[in-house]
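Two versions of one and the same chain are coming, encoded as structure tokens; call them structure 1 and structure 2.
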Structure 1
């Protein structure tokens, strides 16, 4: 059995974000980086499946980006992936979801993967499109927003998170792709011995130009910070006085009270 997990390195959400000078993405100067949180659940589920099936599955992790994404790849290897592929692309942030999905498809189309795991969405772009596009391009079944997963006799059984707190049960014949939602499992922390072992695992490097043949169909037009609005007014004192002050403010600044 062959398993592929697609991961992305994203800015830590606690970072201070500001638009880049070209207005097309974030200024990366002061950003900290981590593996996309949704992808951590995908890696964990793939590793759990590998453990369930013994040594049979071959688990590959794939990431697209500049040299810094190797750190996220190494974490996935330390969590339990067998090998990795780094699609080298210093301008990955400029690719739209269609192009990213096309790159992954070009890599995976002749590899005969039985299962592909992705995060439901990335924390920086948040399109939730790449996983389902890959499944469509490969012509395989897919299930999104997965919060429970099991596998037996070549059949994937998942519970999907739907609107209004409703859950949906879906069965998929392999080959298949699933996108993983938060809460699917508890991602493990890599142990020191596994971190050391990960340093010896293979990371294949492939230039993005050898895989990308598609033009963007939904390019980013502009990234910008919202316009700051005026601050609020805090009223203090006796309730009666505050009511009169509020009425005065509403009369002066709005048409609510005349």
Structure 2
């Protein structure tokens, strides 16, 4: 069995963002980077599946981006992936989901992956497209927003999270792709011995040009900070003063605090 997990490196969302000089993305200087949170669930699920099936499946992790994304790749290797493919692209942030999916498809198309895991979306771009696009381009079944996963006898059974706490139960014949939602599992920490083992695992590097032939079809025209609606009152400073202020406001504006 062959498993592929697609991961992305994104900035820590608690960072301060400002537009880049060209206005087409955010400024990447001084940001802390980590694995996209949704992708951590994807890696964990793939590793759990590998553990369930014994040592037999081969688990490849793939990421597109600059040399910096090798950090995310190494984390995935330390979590338990067997090998990695780094598609080198210093300008990945300018690619639209269609291009990213085309690159992954070009890589995966003759490799017969039985299962592909992706995050349901990335935290920075939030397009929620890449997983499904890859599945459609490869002509395999896919399910999105998965919060429960099991596998037996070539059949994947998942629960999709719908609105209002309802879940949709779906089964898929392999080959198949699932996009992982928050809470699917509890992603493990890479342990020190596994970080050491990961150093010895292969990271294949492929130049993006050899895989990409598509133009962007939904390019970013501009990135900017939202205009603050204003109106709201902002309280800052001494805790005691703020509490008094807030209570004053609540008494005036709401009927609940008297």
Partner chain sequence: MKVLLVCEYREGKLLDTSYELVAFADTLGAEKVAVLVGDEAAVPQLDAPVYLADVALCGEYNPAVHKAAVLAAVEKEQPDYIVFSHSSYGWDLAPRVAVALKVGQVTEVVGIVDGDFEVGCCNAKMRRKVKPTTARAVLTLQAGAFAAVAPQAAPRVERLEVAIDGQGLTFVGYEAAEVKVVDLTKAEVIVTAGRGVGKKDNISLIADLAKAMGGELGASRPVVDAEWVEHSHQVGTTGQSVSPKLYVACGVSGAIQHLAGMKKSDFVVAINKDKDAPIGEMADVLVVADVLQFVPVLTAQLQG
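Numbering follows the first chain given and starts at 1. Each form is matched to the other, and the largest set of C-alpha atoms that superpose within 1.5 Å is called the rigid core. Computed from a predicted structure; not experimentally measured.
Peer 1: Just checking, which of these two is the form predicted together with the partner chain?
Peer 2: That would be structure 2, which is the form predicted together with the partner chain.
Peer 1: Can we say the CA of residue 239 moves by at least 2 Å between structures 1 and 2 when the core is superposed?
Peer 2: Comparing forms between structures 1 and 2, the residue 239 CA shifts at least 2 Å.
Peer 1: If I superpose the two forms on their rigid core, does the C-alpha of residue 249 end up displaced by 2 Å or more between structures 1 and 2?
Peer 2: Comparing forms between structures 1 and 2, the residue 249 CA shifts at least 2 Å.
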